[in-house]
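The data below hold one chain only, encoded as C-alpha cells and taken in the form predicted on its own.
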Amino acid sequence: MLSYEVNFDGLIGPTHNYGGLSNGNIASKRNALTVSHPKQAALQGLKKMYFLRSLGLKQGVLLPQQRPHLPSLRALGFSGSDKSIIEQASNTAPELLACCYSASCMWTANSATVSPSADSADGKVHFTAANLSNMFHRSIEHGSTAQLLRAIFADPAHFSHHNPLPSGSHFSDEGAANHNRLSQEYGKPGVQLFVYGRYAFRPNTRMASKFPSRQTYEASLAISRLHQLDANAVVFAQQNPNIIDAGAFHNDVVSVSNLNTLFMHEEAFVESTTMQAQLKATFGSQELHIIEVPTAQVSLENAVTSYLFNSQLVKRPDQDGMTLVLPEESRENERVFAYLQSLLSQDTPIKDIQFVDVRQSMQNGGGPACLRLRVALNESELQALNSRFLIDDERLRTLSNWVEKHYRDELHPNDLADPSLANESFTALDELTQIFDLGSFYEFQK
C-alpha cells in the first residue's frame, strides 16, 4: 500500500506579534516589542505550503486558535465584557494580555507527537497534543489543538487520540519539535528518536544552566507507552545542554530527519556516539545515513541564527535523493551557505537545496520546520481524514483572499490594548470556520 509524509502547516493567525515571550528563544527576545506584519506573515506561510505542493508533496493545514484567548483571562480573575477584560488586562497585567494574544500555535511542530500505524501495536496512527507547560502563552494551546486534531483525524478505525500529559514541570512536553522518526518507507516499521532536555525525577543530572530544558525524559517515555511503541524500536537521547544554552530551545533547531536520513549538528546530543550506535543497531541491516555537521564548519551561533537544521528534509516523488528546504537566512549566512554548497558535493541522500522566505516567523524564532507537523499516512488513512484540511490550489486561493481581507498590514505592541483588534480577529476566525465547515469551533462562537 502506498504511504506518504503529509506536512500540516500552521496557518499564521491575525494577531501575529512580537511579544518576546519565549525564554531561550534568541530571535523572540531580540525582536521583542517591534512592529510585526500579520498579513505578510500569513501570506509567507501560504506561499511555503504552495511551494511544497509544487514539489509533489502532500500538504495540509492547521487553523489558528482563538486569540485573544479571553477564557484564560477570565480564569485569572478578569471579568465583564470582552472590551472590559482587554482594558483591565492592558492596564494592570499587560504581560498576561500579550500571552493571550500570542499566535504561537502557528508553530505546529510543537502541537503534538504523532506515531504512524506501522509503529503502533494496534495498527493505528496515534496523536498526543503537547501540553507545552513550560511557557504560559503556549500552555493554553493544547485543548484547542486536541480538538482540531480530533476533527481532522476523526475515524476511530484509523486514528487514536490521547489526552495531553499532566501539566507541570515533570511531564513537560514540547511535541514533535523533540521527536524524529527514521524508516526505509513511511508505511514500514521504523525507529522513533525521542529527544529530551532533562530528567524530572533524577537529581543532579546534567542540564542547561542559562535557558530552560523544556522536554523531560519522563514525558517522552510516557508518549512512547501511550502510542504502543515497541520498546526495541525506540531510542531516547538527551539534547546537549550547551546547545540549549546557545539558543537551540528545541531539538529541531539542531537536527532534522526524513526516511533513513538524520541531518544533525556535531554537538546536538549528549553521548552522540552512543545514540548513533543505538540507532544503527535498531535499524539492523537496513541502510541508515547520519550526516553530522562539524562545529568547525558551522558554529553553534551560526546554526542557531541561520536555522540551518530547522529546515524540512523531504523526499520528492519525482526525484532520487532528498531536498532540504531552508529559510532564506541560511543562504544569507556566508559560513552556512558555504557548508551547504559542500554538502551537495558529498555522497549523501541530500541532493538538492531550496530556500523559502518565512522571515516573519523567523523573527519570532520559528523556521520552516517549526511551521509543520509531520504525519505519516498510508493510502487508507489519507482517505479517512477530513480532506478539507488538505491543501489544493483552490483552497490556497481562498485562504490567501481571506488573509488579504481580514489581516492588518502592521501590528504595533500597543495595538493589543485596542478591543477592535479582538473583534477583527474573531470576525476573521468566524469566517474561517465556515470555509472549513467546522461549525461553532471557537469558544467565542459558543
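All residue numbers refer to positions in the sequence shown, first residue = 1. Because the structure is a prediction, the values reported are computed rather than measured.
Below, we refer to the form predicted in complex with N~2~-(3-carboxypropanoyl)-L-arginine, which is not included among the displayed structures.
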State the residue from Ala219, Ala112, Val253, Val375 whose non-hydrogen atoms include one within 4.5 Å of N~2~-(3-carboxypropanoyl)-L-arginine in the model of the complex.
Val253
Among Leu429, Leu11, Ala422, Leu21, which has any heavy atom within 4.5 Å of N~2~-(3-carboxypropanoyl)-L-arginine in the model of the complex?
Leu21
Any of the heavy atoms of Arg181 lying within 4.5 Å of N~2~-(3-carboxypropanoyl)-L-arginine in the model of the complex?
no
Interface membership of Cys100, N~2~-(3-carboxypropanoyl)-L-arginine in the model of the complex, 4.5 Å heavy atom rule
no
Does N~2~-(3-carboxypropanoyl)-L-arginine come within 4.5 Å of any heavy atom of Ser28 in the model of the complex?
yes
So in the model of the complex, is N~2~-(3-carboxypropanoyl)-L-arginine close enough to Gly365 to count as touching (4.5 Å, heavy atoms)?
yes
Any chance all of Asn17, Phe249 and Asn310 sit within 4.5 Å of N~2~-(3-carboxypropanoyl)-L-arginine in the model of the complex, going by non-hydrogen atoms?
yes
If we take heavy atoms and a 4.5 Å cut-off, which stretch out of 228 to 236, 130 to 138, 342 to 350, 185 to 193 is in contact with N~2~-(3-carboxypropanoyl)-L-arginine in the model of the complex?
130 to 138
With N~2~-(3-carboxypropanoyl)-L-arginine taken in the model of the complex, which residues across 397 to 421 come within 4.5 angstroms through any non-hydrogen atom?
none
